[in-house]
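Before any questions on how it binds or moves, here is one chain, the form predicted alone, in structure tokens.
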């Protein structure tokens, strides 16, 4: 490899994931080492590159070399070997989870090669704190075109032709919602970006705001122009300090360049924007609860109608769009609605952004065309299941979504198909689980979350989810009764039909889909007092495999209940006394020889006594 250093740029990811694992001192060390070596090389921080699991990430362009899990001590070798002598440091390359081969160029890593990035196209490539990087990437071109060449109605028509549907969860046609608001005659309208991302394992909106905040601001201005709003808010939870910091920097920069504020670019259109910090309530992802929070009240949903597009923030017409929905707008205007509509499916055009997490080899932020199958996402992009274990299910749509089994792996991901299967697209959470995951316990986990996050305003959600939670805890503890399964189903249907907002209406989804596709696991817990996945603590037993045991005594030393006896010196075999065992699993996890066996023996079903003849 021969490369002119004057054309090189070293990019260091400083999204939240990489920062938390040491990216800041790595950047400082690289900068100092490059300077000491007298090299003419640019340094740049970026937002999240998407492959968070591999952080801290360092990329050398235009070489395209991707260094993963970089440590500060690796910096001198990167500078000496790669930047001075054009020999990349292979030991820091990403390792393919299937072949085990090192892959140096990120463009050929399957995690990236199988994506089609629109929303994420600038993530990991530009400095989010330098507006010129965004301008060079074409951000604000769409806004300038809309303000200079298009009427508001033409912008709405373009979005309608593109077929853009809301990426916050419901998938409602964006242009239809805008049209309702644009038709309202009033002295004030509001535009709100919903960045209140609260799903467990979800980090899409946060990463976009950290990596390319100007892309979201551009979308807000375009949307504001289309509906006639002159004031906007970005509602971001306070737990996103880096995203908020970069948003505030971006807003100030945009104002200084007349891309925000009064008479934007001489168009006569005014648009002011500010960041509002949410308190972290999951229910504030619902539009009317979010509005109530901005108004200074407790975040609780309101009855609809009137809908926010007619009567929203402070009683004025208001449009709320998700971070991802707004991030498409600049490209839709510059590249045209037909371009966007050509991607994905007829009913669900464009791409979908997911936070792919769980038991997959490659976890991170991904973007694929709508209609991409779950199999391609999990096994091609995700690299398959960790440790060669068997795929069991995927949870789409976060705590409000559903769990889909292996038979759905070839299902295309779009709004209608997922809904038919009993799940939802949601805001983009996707959690993959393997054969060692108990589906009853997984349903309990997600229901615990939604029950805790319920605002308590309506009885079906407040009381119904609590009753479902108690039943699931009872079943996982091995105390369930056959009628509990029927009661769970009846409660789920009642809560879906009777709840005021989307939180309660979708909270039963994980329970309903696991009952639909994994009912046998519920029945095993209830009828046999057995957990097939060997996961539920109350239904487990531990034994020592005497042939595998090396008499090291590690299990005995780590047992907090003093439930293990044995003596290495006297060659007395180690034994777990079940009457003392508290099923904590310390022996299982600490044994260096895998000699502890985990069991869930359960009980045999009682057979009915034969009826005597006659």
Partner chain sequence: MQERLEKVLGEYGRSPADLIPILQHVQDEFGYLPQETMDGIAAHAGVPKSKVYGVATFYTMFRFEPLGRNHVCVCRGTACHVRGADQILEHVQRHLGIEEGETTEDGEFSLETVACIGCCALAPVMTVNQEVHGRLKPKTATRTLKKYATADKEEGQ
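Because the structure is a prediction, the values reported are computed rather than measured. If you superpose the two forms and keep the largest set of C-alpha atoms that fall within 1.5 Å, you have the rigid core. Positions refer to the first chain, counted from 1.
From this point on, the text means the form predicted together with its partner chain, which you will not see here.
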Inset, instruction - Using a 4.5 Å heavy atom cut-off, state whether residue 26 contacts its partner chain in the predicted bound form. - result: no
Inset, instruction - Although its partner chain is absent from this view, report whether residue 549 comes within 4.5 Å of it in the predicted bound form, heavy atoms only. - result: no
Inset, instruction - Although its partner chain is absent from this view, report whether residue 314 comes within 4.5 Å of it in the predicted bound form, heavy atoms only. - result: yes
Inset, instruction - Considering only heavy atoms, tell me if residue 240 and its partner chain come within 4.5 Å of each other in the predicted bound form. - result: yes
Legend entry - its partner chain in the predicted bound form: contacting segment from 493-501, 411-419, 258-266, 299-307, heavy atom within 4.5 Å: 299-307
Inset, instruction - Assess the spot marked by 16, 431 and 558: is its partner chain within 4.5 Å of a heavy atom from every one of these residues in the predicted bound form? - result: yes
Inset, instruction - Could you work out which of 75, 386, 540, 424 is the residue within 4.5 angstroms of its partner chain in the predicted bound form, going by heavy atoms? - result: 386
Inset, instruction - Identify which of 104, 358, 138, 152 has a heavy atom within 4.5 Å of its partner chain in the predicted bound form; exactly one of them does. - result: 358
Inset, instruction - For the stretch 438-457, return the residues whose heavy atoms include at least one within 4.5 Å of its partner chain in the predicted bound form, in the order they occur. - result: 441, 442, 444, 445, 446, 449, 452, 455
Legend entry - C-alpha of residue 582 off by 2 Å or more between this form and the one not shown on rigid core: yes
Legend entry - Yes/no, residue 591 Cα shift of 2 Å or more between this form and the one not shown with rigid core fixed: yes
